[in-house]
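This document opens with one chain alone, in structure tokens, the form predicted on its own.
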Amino acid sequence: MDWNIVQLVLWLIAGIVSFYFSIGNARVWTSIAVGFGLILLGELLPQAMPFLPGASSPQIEAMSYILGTISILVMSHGFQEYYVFSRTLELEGNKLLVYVATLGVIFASMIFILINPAPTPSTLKVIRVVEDTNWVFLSLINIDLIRKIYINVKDSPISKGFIAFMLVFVFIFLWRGSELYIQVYDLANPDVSRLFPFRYELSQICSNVGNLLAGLSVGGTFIYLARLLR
């Protein structure tokens, strides 16, 4: 079984469902759905290298990691907004502002990557560690935040959807936490896979399983919520 293909297919489904959900539902869901949808772009970008003339492979790889960081920041902002909304029923802004602001950050990141020298392998490792670190700690914060949202909306028909989101972030924590473990030790010693083969292989398996379950659960959660909200 090719893990990369399976993961890509699952995130393709999850990304399409997420973006569609952001268009078809209330503003309060927009940042959450867009954040999850951006994971798809980060996963697809390395596969698009043959179709992006003028950009080097290191630049594209760096951008894919930056997209991952943007995605967790956007969705975390969305859950923070929903927490405030669940307590006050107050919401500012509109959908267009979320889309424009997100695209603006992505465009600015692309310009930054393109006008600077192509990242070296060591630079790419650091960027990836930064991405995975953001994912690991913000996943833990989001789990607690979603728990608080659930307490506020537990009498609502969509309350079970937030339980599903908590499960999603557990899988994401497993995925990104395993990646971070590998990346940190790889920075310290590039021969970590040879020196500690069992730990390395176990971390790889946990990362792949977490990735698969995260993609599957994200798509399923948004489909479930879409049915409840319509």
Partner chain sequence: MILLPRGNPVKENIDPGKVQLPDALQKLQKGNFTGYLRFDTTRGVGILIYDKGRLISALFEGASEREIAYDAIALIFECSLAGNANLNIYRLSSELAMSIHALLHGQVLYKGQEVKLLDIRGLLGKMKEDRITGCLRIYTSDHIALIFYREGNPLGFFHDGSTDLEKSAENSLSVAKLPGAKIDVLTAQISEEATMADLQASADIRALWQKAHENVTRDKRSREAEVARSLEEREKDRRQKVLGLLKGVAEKSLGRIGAQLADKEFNRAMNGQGVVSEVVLEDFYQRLGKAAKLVAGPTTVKQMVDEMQRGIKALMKTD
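Residue numbers count along the first chain shown, from 1. Note that this is a predicted model, so its numbers are computed, not measured.
Another form, the form predicted together with its partner chain, is not on view; read the next lines as being about it.
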Original post:
Candidate spot L41, A108 and N134, all three in 4.5 Å heavy atom range of its partner chain in the predicted bound form?
Top reply: no
**OP:** Using a 4.5 Å heavy atom cut-off, indicate which stretch of 123-131, 72-80, 138-146, 86-94 touches its partner chain in the predicted bound form.
**Re:** 86-94
**OP:** May I ask you to state whether P117 is within 4.5 Å of its partner chain in the predicted bound form, using heavy atom distances?
**Re:** no
**OP:** Give a yes or no for L229: in the predicted bound form, does one of its heavy atoms lie within 4.5 Å of a heavy atom belonging to its partner chain?
**Re:** yes
Original post:
Applying a 4.5 Å heavy atom distance criterion, does P157 contact its partner chain in the predicted bound form?
Top reply: yes
**OP:** Examine V28 and determine whether its closest non-hydrogen atom to its partner chain in the predicted bound form is within 4.5 angstroms.
**Re:** yes
